[in-house]
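Before any questions on binding or motion, here is one chain by itself as structure tokens, the form predicted alone.
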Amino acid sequence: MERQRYDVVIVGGGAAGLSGALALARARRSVLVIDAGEPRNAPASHVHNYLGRESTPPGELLAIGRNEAAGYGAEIVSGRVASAERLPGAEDAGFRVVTEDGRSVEARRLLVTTGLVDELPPVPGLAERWGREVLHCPYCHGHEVADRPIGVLATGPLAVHQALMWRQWSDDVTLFLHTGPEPSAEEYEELAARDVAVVDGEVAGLEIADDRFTGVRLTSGRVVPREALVVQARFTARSAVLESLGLTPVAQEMAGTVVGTYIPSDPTGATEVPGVWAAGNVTRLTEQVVGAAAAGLMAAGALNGDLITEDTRLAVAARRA
């Protein structure tokens, strides 16, 4: 860290954080990005639906972003932020950010882009294949497994919806009821109409051969050949830094089912704590990479506008004095 106080400290160096850093550095703000180096999409081989960067490996995309932001003067350091607090005094006193290794730095404003954690169902083998053959988003990975045998693991009431959605990419989809609820008569009719097979019984694990997922193993011992398995992860925001500032995560519901937690913010990313913005998956759980980047840009613009207002107020006060 080259200085003790910055216009903006950004916690998290993923697509949202680096996009915000780029915009703020171009706006001639002093910017520090503190990144723990744990991007959510690290297990994935490529980023998709990012116009102009389709199929770019996640690590390569971040390296490009870091170089672009640094080229305009943003500082990017490795570290994990333990907490943040408002400095004593006036509301515009700013914030102190403390890392786990004891370093601290001050900022006039904060942008938190810490993302989320995908909490997978407790089935042996899922975590090891996550982002490879174990998937959740058809828009992220559906094209890559199109026309292959796909399984959908039911752990909640959204499983039928998932199976019908993934049917768009393959005509060989099997719904494993596992621990999910029994489909209704109407849902069974919908599944049958779309030729989605339904398998009773709990799933015991995954079959792997030559470092490839080849099938789903039931507790009965039966193995159903598959080449991809869809799961419903629980999306839990990495909200510890925001919680240290007094913000509380809230439950995200989808079709009446809680699918995770997030930190509320307005459309620009402003939180209930003045001077603190959030962008990306920490505040919008379903955002893809390109959306997170856009959110980081939106937050940077609003944040810079807030700083301009403060700069003007301070200049007027100084002139009057």
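Position 1 is the first residue in the sequence shown; the rest follow in order. Given the structure is predicted, the values throughout are model-derived calculations rather than measurements.
Same protein, other form: the form predicted together with a small molecule, not shown, and the subject of what follows.
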Handout entry: Contact segment among 287-295, 24-32, 267-275, 251-259, judged by heavy atoms lying within 4.5 Å of the small molecule in the model of the complex
Key = 287-295
Problem - Touches the small molecule in the model of the complex: Gly115 (any heavy atom, 4.5 Å) - result: yes
Problem - Proximity of Gly156 to the small molecule in the model of the complex, heavy atoms at 4.5 Å - result: no
Exercise for the section: Could you confirm whether Ala300 comes within 4.5 Å of the small molecule in the model of the complex, counting heavy atoms only? Expected result: no
Exercise for the section: With heavy atoms only and a cut-off of 4.5 Å, decide whether Gly37 touches the small molecule in the model of the complex. Expected result: yes
Problem - Whether Pro149, Val173 and Arg234 all lie within 4.5 angstroms of the small molecule in the model of the complex by heavy atom - result: no
Practice task
Would you mind picking the one in Val123, Val160, Val241, Val196 that has a heavy atom within 4.5 Å of the small molecule in the model of the complex?
Solution key: Val241
Fill in the blank from the handout: Contact with the small molecule in the model of the complex, heavy atom within 4.5 Å, among Leu245, Met165, Leu218, Cys140 goes to Cys140
